[in-house]
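In structure tokens, one chain follows: the form predicted alone.
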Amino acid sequence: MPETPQQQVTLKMKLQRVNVIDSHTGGEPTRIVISGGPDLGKGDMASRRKIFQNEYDRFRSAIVNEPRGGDVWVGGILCEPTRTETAAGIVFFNNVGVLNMCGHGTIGLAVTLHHLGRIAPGNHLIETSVGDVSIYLQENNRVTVTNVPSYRYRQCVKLKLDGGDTIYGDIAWGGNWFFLAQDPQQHVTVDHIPRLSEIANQIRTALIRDGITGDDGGEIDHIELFGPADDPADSRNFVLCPGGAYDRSPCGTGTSAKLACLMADGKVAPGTTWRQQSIVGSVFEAEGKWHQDRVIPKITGSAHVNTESTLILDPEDPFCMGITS
């Protein structure tokens, strides 16, 4: 039998509608929740991130996990900023939890805000859970992000992998914690993704096994491997993200961490452009300057809006809040 008007009204009341805009930055998707998300209060983004993490984890899963998303998706809750001089606040998350910062996501956020008519080309400040970042939006979907201060914490850390190999790498902060190492076989290409994923997972396992963390005890949840790039890029990377997916973009926070290491070694001079290529071929341009003992990185890349949609959360759907295993 067809539903009565009253039944239709009841059904509509039960459904939660979440409006999102999807974009990709160098091939890596970003989904920004523009309305219909939870109220995270009026505090700074660090406190809102904590509220989101502690109280709305099921909502996070519903937005980026299957059947609406997948393990490669990064999401963001668009928030009202706490200050009049900032354009927006953002809390980033992925398929397994919240993120401190996301470089490609910030580039995607900038293009999304422009798509919505909320910002014009030019300079703007964005509030994140690890501090303010500056964005410079250009006319052609290119965005420069002045990221949080980045630095190398430890150099040439030795790891014995479960597979029997020994690998050496640096630990650095670029908004997230990274272990950065050269690919032992120097084959950072699409057809070697399964092998690269295996090595990166072994590195992550060894870091946990040996109790190796960032200088604040933070988990080193991003693994970055490097190899030769196509001209004119300087390096090609493979980045394994916390949820087990690889980054299709060159990774903004990872490029920041790498730049901090290169500048610490004197291999890249302040103000010099260094180009990081992703595993799928997209490129970020990076340059930095010293501020005391930290590097202030500028990362430039392109993003494109590709979807405006309304996600429907139906409590009668057995997979309403996402498939998590």
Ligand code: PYC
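Predicted model only: the values in this text are computed from it and were never measured. All residue numbers are counted from 1 along the displayed sequence.
A second form of this protein, the form predicted together with the named molecule, is not displayed here; the remarks below concern that form.
Site status: open, since the named molecule, placed by superposing the C-alphas around its site in the model of the complex, has no atom within 2.4 Å of backbone or C-beta atoms. Of the residues 150, 176, 237, 95, just one reaches the named molecule in the model of the complex with a heavy atom at 4.5 Å or closer; this is 176. Listed residues 77, 110, 196, 74 were compared with the named molecule in the model of the complex; 74 is the one with a heavy atom within 4.5 Å. Contact check at 4.5 Å (heavy atoms) against the named molecule in the model of the complex: none of 172, 259 and 295 pass.
In the model of the complex, at least one heavy atom of residue 241 sits within 4.5 Å of the named molecule.
In the model of the complex, residue 225 stays away from the named molecule, with no heavy atom inside 4.5 Å. Proximity of residue 143 to the named molecule in the model of the complex falls outside the 4.5 Å heavy atom cutoff. Within this chain, residue 90 is remote from the site of the named molecule in the model of the complex, having no heavy atom within 4.5 Å. Picking from 226-234, 203-211, 130-138, 246-254 the stretch near the named molecule in the model of the complex, with a 4.5 Å limit on heavy atoms, gives 246-254. Contacts with the named molecule in the model of the complex, taken as any heavy atom within 4.5 Å, map to no residue of 177-191.
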